[in-house]
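Shown next as structure tokens: one chain only, the form predicted on its own.
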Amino acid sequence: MLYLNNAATSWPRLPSVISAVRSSLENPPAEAGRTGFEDSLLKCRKAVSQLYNAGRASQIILTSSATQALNQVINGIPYKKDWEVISTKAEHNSVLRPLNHRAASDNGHVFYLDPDENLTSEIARNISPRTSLVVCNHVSNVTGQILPVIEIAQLCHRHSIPILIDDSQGAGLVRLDYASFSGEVYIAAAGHKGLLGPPGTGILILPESCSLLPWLTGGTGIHSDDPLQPDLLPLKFEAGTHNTCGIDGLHAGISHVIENTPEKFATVRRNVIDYFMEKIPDGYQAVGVTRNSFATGTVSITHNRLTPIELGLSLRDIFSIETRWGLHCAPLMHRYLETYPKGTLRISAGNETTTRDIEFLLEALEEVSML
């Protein structure tokens, strides 16, 4: 199989990740995070902190997914009366649905802005005394477009508004230097994409001083006599038993990224998608392409006649090429791109994708268009 669905989950798995998960399962449990020695959780936190230049390891919250991390912030931020949140149409359902649920239950209002070149100025125009949070994707999972989150974070700092950045597509490929941010900045990311870890892992980076309240509470293994969740990082936001084998795998994946650098992997992915764009067959169009697309190796295409599902099923069933078709959990982005409701065929390269792989894809697309 030629696997071109890395924007969903990176594959193939690294041998070091598989070995780390296996070792974690085979060795006796060590009560990770609840003893005095440097356990696997702390090692993973330090790796995340190194990758993002994020300061103290206690500011790294280990979660079951980016979805959990995003929900923690969206549901944990203290909202103002008659609150408003500013977000974008580029967001994944892991942002859209928590925001929409919160607005429906709280009588709040969410502004979803076009992710175009005017995004920062439009956010500035929509800020009001009721603005309680800004939520912004770093990289679109549909088009690979990079959004100006650094500029937006600076704007939020000037207005003393927290910002939540969904870095699920950028993590491990497009650097964010957390130490360069000012103000109340939260970064959430999935572990199973560019960070090369197993599914069921994620991260949340917190400012050292934040207004966030715990969304999930429960056992922590220590401070057991406290009636409330301990007010101590990272325990305040890590209730329950950790996915230690997944976290060991995530640590191995992030270590591989640090050793090879995100820039190296981004260059590999961008080069093969640039090659694809040079030779894209007649009848196919790339959608949502901007000057900063393709940095993560993702492109969405449509065909003059065939639907995305017809393209995707043909590539899979005839040529054993795995892509992704449909709305990609980002319905507002497709309305913005005018590809709703059928969506697009998404091609997302990995760190080992070659131009020879792309040649095979191009030949397959040519043949599919003649069916």
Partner chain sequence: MRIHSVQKLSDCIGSTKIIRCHIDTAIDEELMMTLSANGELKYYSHFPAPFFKIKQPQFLLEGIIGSDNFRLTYEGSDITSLINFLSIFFEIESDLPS
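Positions refer to the first chain, counted from 1. Keep in mind it's a predicted model, so treat the numbers as computed, not measured.
Only in words, not in the display: the form predicted together with its partner chain, which the text now covers.
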Looking at the partner-bound form in the predicted complex, is residue 314 within 4.5 Å of its partner chain by any heavy atom?
yes
If we define contact as a non-hydrogen atom of the residue within 4.5 angstroms of the partner, is residue 29 a contact of its partner chain in the predicted complex?
no
Find out whether any non-hydrogen atom of residue 342 is located within 4.5 angstroms of its partner chain in the predicted complex, and reply yes or no.
yes
Its partner chain contact in the predicted complex: residue 42, any heavy atom under 4.5 Å:
no
Its partner chain in the predicted complex: contacted by all of 309, 319 and 327, heavy atom 4.5 Å
yes
Using a 4.5 Å cut-off on heavy atoms, which residues of 342 to 371 contact its partner chain in the predicted complex?
342, 367, 370, 371
